[in-house]
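Heads up, the chain below is alone and in the form predicted alone; it's given as structure tokens.
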């Protein structure tokens, strides 16, 4: 009698875990399909790499100068 209950419990466990697994697989597939549709109809605008690199270098120089000034001001007290 008890082994029958254990077997029934194991069956329900695998049924529940299988249901969750199938749901997660379907959800991942739907998300991938949705992502490909969105990327096809609404692509991200492409900017030129040269302009991005030049502005990043200018911003980095400004950040380094600001950090250097802050450290100098802090050390002078």
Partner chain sequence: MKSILIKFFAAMMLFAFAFSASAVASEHATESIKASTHQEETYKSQPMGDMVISFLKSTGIVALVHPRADEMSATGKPMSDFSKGLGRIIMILVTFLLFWLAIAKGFEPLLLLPIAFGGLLANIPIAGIGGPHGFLGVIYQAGLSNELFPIIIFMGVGAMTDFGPLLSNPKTALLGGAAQFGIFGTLVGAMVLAQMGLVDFTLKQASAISIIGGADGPTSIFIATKLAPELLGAIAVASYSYMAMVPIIQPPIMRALTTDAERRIKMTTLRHVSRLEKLIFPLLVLGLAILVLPESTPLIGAFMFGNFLKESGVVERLNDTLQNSLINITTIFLGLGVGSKLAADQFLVPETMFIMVLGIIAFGVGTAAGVLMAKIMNLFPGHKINPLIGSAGVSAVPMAARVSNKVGMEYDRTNMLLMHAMGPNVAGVIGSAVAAGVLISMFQH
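Numbering follows the first chain given and starts at 1. Owing to the predicted nature of the structure, the values given are computational and were not obtained by experimental measurement.
Omitted from view is the form predicted in complex with its partner chain, to which the following refers.
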Exercise: residue 17 in contact with its partner chain in the model of the complex, heavy atom 4.5 Å: yes
I'd like to check something about residue 24: if you look in the model of the complex, is any of its heavy atoms closer than or equal to 4.5 Å to a heavy atom of its partner chain? yes
So, in the model of the complex, is residue 13 in contact with its partner chain at a 4.5 angstroms heavy atom limit? yes
Its partner chain contact at residue 5 in the model of the complex, heavy atom, 4.5 Å: yes
